[in-house]
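Take a look at this single chain in structure tokens; it is the form predicted on its own.
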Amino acid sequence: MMRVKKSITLAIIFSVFLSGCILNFSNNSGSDSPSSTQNLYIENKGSDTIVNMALAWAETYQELYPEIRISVTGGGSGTGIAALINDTVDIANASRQIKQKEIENAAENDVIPVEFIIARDAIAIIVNQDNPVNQLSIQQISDIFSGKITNWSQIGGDDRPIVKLSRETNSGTHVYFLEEVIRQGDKEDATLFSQDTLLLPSSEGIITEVRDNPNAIGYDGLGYITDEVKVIAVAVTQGDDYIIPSVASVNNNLYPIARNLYMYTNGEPAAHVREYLDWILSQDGQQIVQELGFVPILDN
């Protein structure tokens, strides 16, 4: 009987000791500084426009702070914002601004989106290198993608059918192009992409198709444009100056199809996430923006 009591006593002492160790470990694991020896994790998801930039930021930052682990995945702005609403990511990337309905859905889950503008972008209108068309107005672009203009001969090109290419509907670039180019910012306009528009899952896919198809027209973020395609000069209306997208024309507010790029967090981010965002917004982080062909916000 004495041996049983002794065993119970030892078990209680060990249990108290173990609980103390667990509590102490928990209290010491809350450091959010990159200088901490504790490994810290950041999950980053969303816009395919931003994904290459986000990967470059993550790789560089992890070299500077090996204790920080950053996971970056694409899937589109809608995917990133949905993950934010469900509170399953630290940072959601979006190439469009979050919508009021999405903010309301987030609030139902006690999620409060906080917005960070992390770069700017121009949406370039691209055609095959052999296409003789060099410039278009916003109205002509709208008429092409809504199906009112169907042949290149209607806008000074060869007698060929126009093949329209777009990103998929989950893409923030798709949404932005629909609202700001096809509908020209008119919230009452219900115009849609023409039903024969080909929806492609990636920016690179649009570049490849335009490169290989002399009848194709598409749109892409400035950072994805290559010499394999021709970039069209764009005017707000016919008779205005036709502007080629570039860092300079975006910063000088000359190119008419330009937008901000965003990251969203749930409320004020944890310290290690905030430090990462501060670094993205720093000169070092914005240098990567410029190197990848996008528009640094420090130049605005």
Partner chain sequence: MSGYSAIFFVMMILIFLIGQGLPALGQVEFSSLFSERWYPIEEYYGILPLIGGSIIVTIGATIIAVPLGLGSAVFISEVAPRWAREILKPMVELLAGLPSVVLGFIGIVSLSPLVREYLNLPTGLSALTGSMLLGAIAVPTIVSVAEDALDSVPREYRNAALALGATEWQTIWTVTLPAARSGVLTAVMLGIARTIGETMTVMMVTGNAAVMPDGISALFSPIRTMTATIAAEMGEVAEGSSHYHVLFLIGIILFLISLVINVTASSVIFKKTNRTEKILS
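Since we're looking at a predicted model, the values are computed, not measured. Residue numbers count along the first chain shown, from 1.
Below: the form predicted in complex with the partner chain, not depicted.
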In the predicted complex, does each of Gly78, Val175 and Leu200 have a heavy atom within 4.5 Å of the partner chain?
yes
Of the candidate stretches 151-159, 221-229, 129-137, 205-213, the one with residues having heavy atoms within 4.5 Å of the partner chain in the predicted complex is 205-213
The one residue among Asp196, Asp87, Glu115, Asp186 placing a heavy atom within 4.5 Å of the partner chain in the predicted complex is Asp196
If we test each of Ala106, Val181, Val72, Val163 for a heavy atom within 4.5 Å of the partner chain in the predicted complex, the one that passes is Val163
message: Within 4.5 Å, heavy atoms only: does Asn170 come near the partner chain in the predicted complex?
response: yes
message = Just checking whether Ile144 would be counted as a contact of the partner chain in the predicted complex - the rule being heavy atoms within 4.5 angstroms.
response = no
Is there a non-hydrogen atom of Val111 within 4.5 angstroms of a non-hydrogen atom of the partner chain in the predicted complex?
no
Touches the partner chain in the predicted complex: Ala82 (any heavy atom, 4.5 Å): yes
Applying a 4.5 angstroms cut-off on non-hydrogen atoms, the residues of 108-141 near the partner chain in the predicted complex are none
